[in-house]
Ligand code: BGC
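Just one chain follows, in the form predicted alone, and it is written as structure tokens.
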């Protein structure tokens, strides 16, 4: 069968690879599930892997099958698979796999203390940009048929879910914490889905991003009942003075200097959630004493969020169902840029590199 792969360490090496159809027996104990891939979302991570910025092949292979945002349909199941997963069930697979830390041992591999990560489609594990895959049922999340058209969004939804879930979990220490206002920095897929999740929780949402409104992303924020502010017209401090203070700020711009502006304007008892994985060596001057004093006296928290846990995927399913009911058609508008077939991987790369209007690029692997 076909798969889209790279040769890790070699820039612009994306290619089609012929690989065997996987077998249920590859997963021990009868827990294997054979999944037909319907759609795979792609994002900046896939572009960076193709640019050889990171990513390693699994042991025994010289290539890495990419793609970590899966959506598929179950074909066959092993004898010990949960009754919630049967042939015909729509499923999404999580990304990170257990390593060796105590957190991995209790199912919190997203909180691992290992230096080496095992991530499908990213590092040391093949991904989902192929025709079929086999997975342990522990790492599969079933979706109802009503989410068939938008289920490919569940993995990016899980990232924003984890950020908000962690914010609430941390602030349980405050006993009566009730956030009112959220700032989402950036207007890409993660930011839009974070804005959706915040609105479903009854929070006021301000999206702070670079481009002038109106355009599709700003329109989508307003359709949720949020507001959009361009950084070319207002500083983050000015936006906070007008619409804050912000009890939660979720940063997903990839522009690390903005983190320090966010830290300075964060409300007392607030949580700053960092969702961007940034490379490079940017340096910036910031008001270190002001930020330090604000965090100490204001009981503020800064926390990072990365590939989510199963619980975040499950809460993501709940939010997708709610969003389809409360904001009908909104999620579908994020799926701006389909690529038809694995063979069109070069078109996929062009969209990721050049298409400024794309929100979510995805590969339609099969119609199902």
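Residue numbers count along the first chain shown, from 1. From a predicted model like this one, the values you see are computed outputs, not experimental measurements.
In what follows, reference is made to the form predicted together with beta-D-glucopyranose, a form of this protein that is not presented.
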property: Distance check, residue 155 to beta-D-glucopyranose in the predicted bound form, heavy atom within 4.5 Å; result: yes
property: 4.5 Å heavy atom contact, residue 93 to beta-D-glucopyranose in the predicted bound form; result: no
property: Residue 205 within 4.5 Å of beta-D-glucopyranose in the predicted bound form, heavy atoms; result: no
property: Residue contact check: residue 57 to beta-D-glucopyranose in the predicted bound form, 4.5 Å heavy atom; result: no
property: Interface stretch in the predicted bound form with beta-D-glucopyranose - options 325 to 333, 338 to 346, 305 to 313, 24 to 32, non-hydrogen atom within 4.5 Å; result: 305 to 313
property: Triple contact flag 45, 119 and 122 to beta-D-glucopyranose in the predicted bound form, non-hydrogen atom at 4.5 angstroms; result: yes
property: Selected contact from 252, 81, 159, 147, since only one has a non-hydrogen atom within 4.5 angstroms of beta-D-glucopyranose in the predicted bound form; result: 159
property: Members of 56 to 78 lying within 4.5 angstroms of beta-D-glucopyranose, judged by heavy atom, in the predicted bound form; result: 68
